[in-house]
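One chain is shown next in structure tokens, namely the form predicted on its own.
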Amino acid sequence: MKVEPRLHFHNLLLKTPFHARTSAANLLNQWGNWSGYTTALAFGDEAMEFSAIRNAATLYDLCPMVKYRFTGPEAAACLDRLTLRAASKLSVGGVHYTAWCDDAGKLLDDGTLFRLGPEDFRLCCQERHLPWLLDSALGFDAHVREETEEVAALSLQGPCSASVLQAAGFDVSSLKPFRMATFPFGSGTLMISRTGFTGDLGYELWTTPDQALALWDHLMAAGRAWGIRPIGSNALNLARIEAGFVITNMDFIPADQAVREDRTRSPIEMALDWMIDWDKGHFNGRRALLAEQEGKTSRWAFVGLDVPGNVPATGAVIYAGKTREAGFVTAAEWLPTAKRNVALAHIERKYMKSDLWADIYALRELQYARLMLPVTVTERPFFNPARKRATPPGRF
């Protein structure tokens, strides 16, 4: 049998199935690298792109998101062993947010798990982990493979997203958060899940690459009355900060990529311990996490911060009492919707009850002005509209 060689290494960045549309719409020609794919950072006016997320409807190309398929009689048991949550408790047609660790209880990645059938799951995440996943599947009657290139995915987000889908012929009125449904489209099907990364009403759409451009055109035409527009990663990042969501390699370093031992984090330190199912049996990192929880040995706490003023605390070092380094900021923005200046930060737990200060450098006409400002630990999410949970969704 003749095997065609895979020559991806000849291309610096791959193009997604939607590239013909995203490249035509990208007036600023701003592109970035996401998992080896060309992805748009901004199309035009970033402020208008963000405004559309919160006030209209937006399209975002999800194709670079890494996707793995777990199939077989013991696929659920394999995922129970791999991830923090109980995949076996996830019903068919359901989705949940999960994460997984190494044996030391340190995070490798987080992502969403879709149960497509009794023995069929899709795991979506930020980084590539196929060798680790294959090793984790040893001994289980389960098959694991990467299917990133086989799926064309779009994120349709915003308060008008349900109205756009209705106008496009997809009735999602009964679709609850973290559930999915399948509709006929073109020569195949379209799966729609009520999921997203904006903390707002929104959906993710899944089809095959040959249907990608037709889907884009269909949604753009259907959404014209609601001001639908494509958005880039910059606007999405601002929305996810408002929602208080974390991103791998921006808010924590995967344990298998960390060069320095103290850079890794456990799910307890990242405030993700709520997802740990202690009763499902053994899973990767369980012993280490149980020892950390019982011994209260967590060094770090991942928290939200309120920051005075309107200068983002991007990259700021956090001090306790202005003298002792207590942590650092991983993401910071002035939030247009919440009307707050906030940050996401790692704080050493021993300083959590101290007076905390952010050492901020504000660029003012080519010179940096140093601002030492008091910050306060606050709850996440910073923006949490009821419309994202309403079923049926509101018509905007």
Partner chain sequence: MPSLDCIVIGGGTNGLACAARLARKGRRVLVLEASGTPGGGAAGGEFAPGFRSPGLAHIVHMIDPRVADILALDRHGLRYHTTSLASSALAATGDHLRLDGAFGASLTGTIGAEDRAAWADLRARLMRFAAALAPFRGLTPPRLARASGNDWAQLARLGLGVRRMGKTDFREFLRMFLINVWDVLNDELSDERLKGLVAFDATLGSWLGPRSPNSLLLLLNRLSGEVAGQQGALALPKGGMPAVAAALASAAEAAGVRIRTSAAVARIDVVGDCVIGVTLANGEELRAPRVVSAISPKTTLLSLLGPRHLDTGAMMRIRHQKSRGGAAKLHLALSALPDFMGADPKTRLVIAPGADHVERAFNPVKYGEVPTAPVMEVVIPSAFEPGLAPDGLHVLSAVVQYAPHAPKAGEDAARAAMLEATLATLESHAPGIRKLIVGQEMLMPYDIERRYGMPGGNWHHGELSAEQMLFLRPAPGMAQYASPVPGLWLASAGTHPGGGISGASGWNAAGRILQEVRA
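Please read these numbers as outputs of a predicted model, since none were measured by experiment. Numbering follows the first chain given and starts at 1.
If you look for the form predicted together with its partner chain, you will not find it shown, but the lines that follow are about it.
>> Exactly one residue in R224, K322, H282, K296 has a non-hydrogen atom within 4.5 Å of its partner chain in the model of the complex; which is it?
In response: After the contact test, the surviving option is H282.
> E150, D171, E261, D210: which sits within 4.5 Å of its partner chain in the model of the complex by any heavy atom?
Replying inline: Selected residue: E261.
>> its partner chain is absent from this chain, but in the model of the complex, do A77, R81 and G139 each have a non-hydrogen atom within 4.5 Å of it?
In response: Every listed residue reaches its partner chain in the model of the complex, so yes.
> Heavy atoms within 4.5 Å of its partner chain in the model of the complex: which stretch among 302 to 310, 156 to 164, 282 to 290, 265 to 273?
Replying inline: Result for this chain: 282 to 290.
> Quick one: is D217 in contact with its partner chain in the model of the complex, heavy atoms, 4.5 Å cut-off?
Replying inline: Heavy-atom contact with its partner chain at 4.5 Å: absent for D217.
> Does Y97 make contact with its partner chain in the model of the complex, using a 4.5 Å heavy atom cut-off?
Replying inline: The answer is no: Y97 has no heavy atom within 4.5 Å of its partner chain.
> Can any non-hydrogen atom of W132 be found within 4.5 angstroms of its partner chain in the model of the complex?
Replying inline: Yes.
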